[in-house]
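One chain follows as structure tokens, the form predicted on its own.
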Amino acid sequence: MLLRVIVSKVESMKKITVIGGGTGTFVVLSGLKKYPLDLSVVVSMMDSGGSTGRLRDQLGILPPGDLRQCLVALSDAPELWRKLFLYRFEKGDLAGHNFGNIFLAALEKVSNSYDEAIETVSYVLKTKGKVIPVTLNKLHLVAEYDNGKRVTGEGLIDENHAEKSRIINAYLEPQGKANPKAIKSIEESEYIVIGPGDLYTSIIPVLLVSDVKEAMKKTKAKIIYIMNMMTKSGQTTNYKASDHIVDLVKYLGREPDYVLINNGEILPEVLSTYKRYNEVKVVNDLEKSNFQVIEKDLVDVGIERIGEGDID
């Protein structure tokens, strides 16, 4: 249903850019690639947890995790290749590492440029669309909380489940330059899809890169924001829909044109998993606004799942 709603808005256009990273972006790309769209994704490059974080620290490479997920989502290669790029080692010196992350790390080392590395893996995976890192600089995400606490590193922010205080400011350290290809994709798009995904560790990091916010403000593209179905402890604790919009607009520099929000029932067993982290359904409190709110049953169990190697 989510993808049908998006395509109903964009089916007559030629170019669409997706903004984000992580599992939410994986789901959106997996569905959109089935339609005749000129599809691109501008990917967050601030991941610092798990396998990605270890490879960043040990090899000094750019974070491969979110890129890998987007590449696999857009892949039309045989299933074996997709399984390989999602495979996570469970034992030995490579325990916890993802094959796709290692493959991308090696390509970065042997390629003449990062563009060449992306082109090579895109060829191997037969991707239907362009996967564009938002920046080629090595940056870290910083979050400042209302209680005065400061946390550096996307991985640590993502795992800060016990934090009750709100994030009042997010920025990058150091500040980096946007990939010109990312800016061009934003400028040339007719529609831009943001989310779903963790607000402060998947979406906002893209918007924090120098020149991205200005490009989003200037583009003539219609912006579609997909509201998360559930809150995220430590990032959007007890947030209602309006809270998400306020924080998004702060970093986006403009309101979205459309907001998609779920009104379908989420399975009790799924809710119980979120309950362990004190995460709840996002309440739709959006009333009069300048954007169009579209309420639909967006719960979809029919989309290809990422599997065991879905993160980091």
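Numbers for residues come from their place in the sequence shown, where the first is 1. Just so it is clear, the model here is predicted, and its values are computed rather than measured.
This next part talks about the form predicted in complex with a further copy of the same chain, which is not shown.
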Per-stretch contact check against a further copy of the same chain in the model of the complex, the hit in 116-124, 237-245, 145-153, 217-225 (non-hydrogen atom, 4.5 angstroms): 116-124
Interface check vs a further copy of the same chain in the model of the complex: of 168, 136, 106, 172, the one with a heavy atom inside 4.5 Å is 106
Listed residue that, although a further copy of the same chain is not shown, lies within 4.5 Å of it in the model of the complex (heavy atoms), from 281, 33, 54, 254: 54
Checking a candidate spot here: are 58, 94 and 111 all in contact with a further copy of the same chain in the model of the complex (at least one heavy atom each within 4.5 Å)? yes
At the 4.5 Å heavy atom threshold, is residue 83 in contact with a further copy of the same chain in the model of the complex? yes
Under a 4.5 Å heavy atom criterion, is residue 102 part of the interface with a further copy of the same chain in the model of the complex? yes
